[in-house]
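Next comes just one chain, in structure tokens: the form predicted on its own.
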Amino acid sequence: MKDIQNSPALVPMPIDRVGVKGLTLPIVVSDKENGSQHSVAEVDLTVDLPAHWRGSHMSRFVEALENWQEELSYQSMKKLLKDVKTRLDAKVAHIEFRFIYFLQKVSPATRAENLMGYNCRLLGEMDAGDKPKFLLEIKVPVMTVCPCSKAISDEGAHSQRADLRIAVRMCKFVWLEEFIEIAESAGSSPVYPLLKREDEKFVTEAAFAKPAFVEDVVRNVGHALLNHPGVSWFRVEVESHESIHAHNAYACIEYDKEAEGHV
């Protein structure tokens, strides 16, 4: 049958990324407590397209993913990137996995257990040199109590939930749980999926004893990642969904430890 995709492009311009988005796939993720856990990922696969080709063979992306079906790891992602590059005859390949990672959270006072889900992204890229680059991102909710509000108020202070996003490049394997722990310890309090009255009392009192601006939170995480031997680059973002303001508070730190000679 005639291969229209390989025919000359109507407008001969190179395309940076072309491919498929939103594929769903069952995956296996490394779990510090249990060894592994099953989740479902939404996957994007793209490659570069030369100016002289009209289109890409979309079915080959799906075939590559169907042929993969492995646990998420450095080696398995490298294998998938290489396969996509080969099947599409591309110079550069990109993949993105979006999935939820679950941890069994224990309420601080009653010790009640319930699952807590954390949104994760794993991005991979392989260029002409076949050397892969990876970036892991995880979003962790925390609670913050405003230090200014506490200092100027006769009673109470405003508190809210903040989204903390950690993006890292690693120079060795690091458990997801380590980044979650760093994030949850940086705010006024972690967020829990299940709290009884005794737990609410504990969380409220603990949080008000540890007020934190978004600037405090982002610096706490940044300092921990700066001293983490498994991290070579990081970006930390904190966005606080303010309870009494008509805006969100935001802070960001990005740091390349290799460029600064720390690795």
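From 1 onward, residues are counted along the sequence shown. Remember, predicted model here, so these are calculated numbers, not experimental data.
Here the subject shifts to the form predicted in complex with a further copy of the same chain, a form of this protein not shown in this document.
The shortest heavy atom separation between residue 160 and a further copy of the same chain in the predicted complex is within 4.5 Å. Proximity of residue 32 to a further copy of the same chain in the predicted complex falls outside the 4.5 Å heavy atom cutoff. Shown alone here, residue 213 lies within 4.5 Å of a further copy of the same chain in the predicted complex, counting heavy atoms only. a further copy of the same chain is not shown here, and in the predicted complex it never comes within 4.5 Å of any heavy atom of residue 128. Heavy atoms within 4.5 Å of a further copy of the same chain in the predicted complex map, among the stretches 184 to 192, 89 to 97, 73 to 81, 129 to 137, onto 184 to 192 alone. Shown here without a further copy of the same chain, the chain has only 66 in 64 to 82 lying with a heavy atom within 4.5 Å of that partner in the predicted complex.
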